[in-house]
Ligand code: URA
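Presented as structure tokens, the chain that follows is alone, the form predicted on its own.
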Amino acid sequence: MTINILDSKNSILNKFISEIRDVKIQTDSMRFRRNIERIGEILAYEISQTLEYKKNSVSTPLGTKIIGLPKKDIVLCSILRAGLPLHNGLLNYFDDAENAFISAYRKHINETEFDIKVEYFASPDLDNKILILADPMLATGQSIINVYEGLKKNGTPKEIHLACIIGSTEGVEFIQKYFPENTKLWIATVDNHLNNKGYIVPGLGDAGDLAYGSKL
């Protein structure tokens, strides 16, 4: 797996990461969602530089121009519900993409143990397509692996790109064992620590609750 950590070099991305982490700014859910979306747009731009392009002729009022455009074989798959703002950011750039949605959540056994439950599933055929699998928080890595296992019944992608915002070192190391070798991970930033409940520290809290409100 190729790992691309975007904040390894300074850019405007740092501002958006800072704001989604900041407890004072997090109270504005609309701003939180927009910052997640903007990070998704940056991830999409970075991914776009690795895709396959073909030459197209574009007619202008004064002539024609040959320009390389990406091939239209992308499927964006997001994990509900926290993945929705990130999905929107990716879709802003890959606006010709097909879309897939899967629900995955933690079903707690006790205070520190949990299983990942995957229920709702809607996906097009994935055979020989470029799969961009989006999940804002890469904590233990179990959610994104379970979702990938669920997607396998819909075909084998020719490329897999994982788009995440904040991950843990442990989660990044864990998923490398499960995804194909040519998978590319695109992640805005990585924290070193998981607490005993499997949450990223310092992280940002629960992305789904911050974006859409708390749940029962």
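Source: prediction; values computed, not measured. The numbering used is simple: start at 1 and walk along the sequence shown.
Just so you know, the form predicted in complex with ligand URA exists too; it's not on screen, but the next bit is about it.
- Residues with any non-hydrogen atom within 4.5 angstroms of ligand URA in the model of the complex fall in just one of 133-141, 119-127, 85-93, 69-77: 133-141.
- Although the partner is absent here, Tyr199 lies within 4.5 Å of ligand URA in the model of the complex, judged by heavy atoms.
- The shortest heavy atom separation between Ala207 and ligand URA in the model of the complex is within 4.5 Å.
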